[in-house]
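One chain comes next, on its own, written as structure tokens: the form predicted on its own.
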Amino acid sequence: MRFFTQHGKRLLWALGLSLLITACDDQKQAEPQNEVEEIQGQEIAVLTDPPSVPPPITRKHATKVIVNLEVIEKEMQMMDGVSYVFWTFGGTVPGKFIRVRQGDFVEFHLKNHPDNKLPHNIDLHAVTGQGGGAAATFTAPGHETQFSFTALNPGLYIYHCATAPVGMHIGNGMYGLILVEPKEGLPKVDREFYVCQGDFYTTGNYGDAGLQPFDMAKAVREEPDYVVFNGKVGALTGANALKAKVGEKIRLFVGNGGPNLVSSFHVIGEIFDNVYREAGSVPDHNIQTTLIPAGGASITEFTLNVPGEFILVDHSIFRAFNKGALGILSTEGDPNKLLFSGQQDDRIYQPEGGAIQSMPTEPAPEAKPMTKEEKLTQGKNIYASNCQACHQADGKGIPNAFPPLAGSDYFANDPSKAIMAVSHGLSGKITVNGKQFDGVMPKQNLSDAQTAAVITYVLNNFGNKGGEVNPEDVTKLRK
């Protein structure tokens, strides 16, 4: 019995020592690398507009990096037909992408354009020091301020304006990303892209035309009208879609400027091989959706194995299809039927009960009669709000998912088909421009006048041959 008691004590002592050593090792790994390297030479930082990223850093030494960033207040489009006065770092939302190496000595110059109305500053989450540089860079219009810092910790970090009221400055677009590459660099990939989500608050509702001011009350209630990637509805769709090829490894630098919402970032049809959650040093693997907090960032990596249109979304999904948080990664290449076959069969299925369902809503009140020009203007806004997410800004749709409206032969000689699709919904197989589609389009909650306006807009755009639909035409078919 005494042997077992002594033996047990030895085991407990050994186990305790092992746990202590492990804890110490973990603590060492968690400790930041604060050694300051010898600085060799200097360079001017290459800054890029979204979705582009500066080239990887290949040097093996720390250097002095001079960053020149200008604040510009400017009117730009929030979506087609809707404009907004954005406050920007470098004239874009998000601001310029900054790339430095761990150990670099960064000399930062913030310039506030003389035409601006307000003072601004910058808080870089990559900075170890008071306010991330905010107090050191409080800059009046027509002035330039400077401060310096050493990039101690590798990672992908948000930067933003921190001038009071801070939420208003961020909510007007003042955020971006700075990457501090580890000393050994990042693993090689074929393409890198810069995507940053933000939520915006306007006096008008989503899609209301014209210049829209910032709405502080909505911002305080955290009720955004727009949730977008890269500062605009459709910034990453149509002609602006990200482009890649089968077999390429992709790295997305994804930020969330906020100011309020957490992003549930997801790429439809892909699984992230690696996710550096909140841009930490150790990746997780095989991740479907990753949370990115307001004021945070994540690095995602994946390999494109098959061609297709891969859709970037905030998977708080109404934000994607109703507020703008949607982008496209368009991938070209040869299909691999073993990995993804596409549709192999389609047969009749008739369960009991109704096959088509629609939302139990009443049409909106009728609008006053409009001229054709007025219909085109209103129809453009309705299209952007209700149709663009599926049929795309250029009307070309999404292959194998949503049929094109551009040059469509489906309703070319019979606009009543378009009226029926909008007012009653559409289900089952249709052929458009020689290609078959099989899906469900729910009926739209639009008044007869709104339906007439949006169809008139489609008939007169996207390479279609023209025409006009009146509310009376819609009324007749709706009944």
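The term rigid core refers to the maximal set of C-alpha atoms that superpose within 1.5 Å between the two forms. Sequential numbering from 1, following the sequence displayed. Source: prediction; values computed, not measured.
Although it is not shown, the form predicted together with ligand HEC is what the next lines describe.
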*May I ask you to check whether R319 falls inside a 4.5 Å heavy atom distance of ligand HEC in the predicted bound form?*
no
*Taking heavy atoms and a 4.5 Å cut-off, does V440 contact ligand HEC in the predicted bound form?*
yes
_When the contact criterion is heavy atoms within 4.5 Å, does N386 count as touching ligand HEC in the predicted bound form?_
yes
_Against ligand HEC in the predicted bound form, would V454 count as a contact residue? Criterion: heavy atoms within 4.5 Å._
yes
*asked:* For a quick test of understanding: in the predicted bound form, does each of P403, S408 and A421 have a heavy atom within 4.5 Å of ligand HEC?
replied: yes
_Tell me which stretch of 223-231, 394-402, 164-172, 130-138 has a heavy atom within 4.5 angstroms of ligand HEC in the predicted bound form._
394-402
*Among the candidate residues I39, V46, V53, I430, which is the single one with a non-hydrogen atom no more than 4.5 Å from ligand HEC in the predicted bound form?*
I430
*Would you kindly say which of L242, C390, A294, M76 lies with a heavy atom within 4.5 Å of ligand HEC in the predicted bound form?*
C390
*Post core alignment: M79 C-alpha displaced by 2 Å or more between the shown form and the other one*: no
*State yes or no: after fitting on the rigid core, is the Cα displacement of V65 between the shown form and the other one at least 2 Å?*
no
*2 Å or more on the CA of P399 between the shown form and the other one, with the rigid core superposed, yes or no?*
yes
_Change in CA distance between T203 and K443 in the predicted bound form, which is 3 Å or more, as closer or farther_ = farther
*Direction of Cα pair change N400-N322 in the predicted bound form, magnitude 3 angstroms or more*: closer
